[in-house]
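Okay, here we've got a single chain as structure tokens, the form predicted alone, with questions on binding and movement later.
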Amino acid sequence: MPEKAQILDQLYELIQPFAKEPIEFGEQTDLIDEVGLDSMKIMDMVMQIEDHFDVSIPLNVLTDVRTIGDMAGQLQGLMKDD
């Protein structure tokens, strides 16, 4: 299982194409307010993340995801459960 720092680095690369404008990503970067994701972009991003990490992210998990760090924590938990 990858460490959270490794997951974060991969998430930064996966999320970058979805950003409205180039920004410096960090663990506390807000996916909606700072990255500028709307509901359609979030679903596209989730599909890419699922493919990349070979996991299935339940929709109810997304309600707890606000930042990139939140997503990394959820992914870490999902990969541990495998």
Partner chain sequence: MSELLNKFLPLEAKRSELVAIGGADPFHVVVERVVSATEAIVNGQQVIMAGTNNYLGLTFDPESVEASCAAVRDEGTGTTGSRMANGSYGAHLALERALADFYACPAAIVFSTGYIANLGILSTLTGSGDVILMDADCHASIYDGTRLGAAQVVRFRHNDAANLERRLQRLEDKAKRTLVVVEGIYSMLGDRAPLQEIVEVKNRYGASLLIDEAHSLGVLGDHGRGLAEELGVEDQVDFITGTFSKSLGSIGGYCVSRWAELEFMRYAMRPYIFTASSSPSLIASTRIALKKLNSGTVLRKQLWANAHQLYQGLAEMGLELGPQVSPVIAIRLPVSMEEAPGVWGELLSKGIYVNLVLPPATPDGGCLLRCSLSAAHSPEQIDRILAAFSDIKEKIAPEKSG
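Since the model is a prediction, treat every value here as computed from it, not as a measurement. Residue numbers count along the first chain shown, from 1.
FYI, the form predicted in complex with its partner chain isn't displayed, but the following is about it.
*Asks:* Could you tell me which stretch in 20 to 28, 69 to 77, 6 to 14, 55 to 63 has residues with non-hydrogen atoms within 4.5 Å of its partner chain in the predicted complex?
*Replies:* Contact-bearing stretch, as computed: 55 to 63.
*Asks:* Taking any heavy atom pair closer than or equal to 4.5 Å as contact, tell me whether I32 reaches its partner chain in the predicted complex.
*Replies:* No, I32 stays farther than 4.5 Å from its partner chain in the predicted complex.
*Asks:* Just to make sure I understand: among 12 to 49, which residues lie within 4.5 Å of its partner chain in the predicted complex, judging by heavy atoms?
*Replies:* Sequence-ordered list: M40, M43, D44, M47, Q48.
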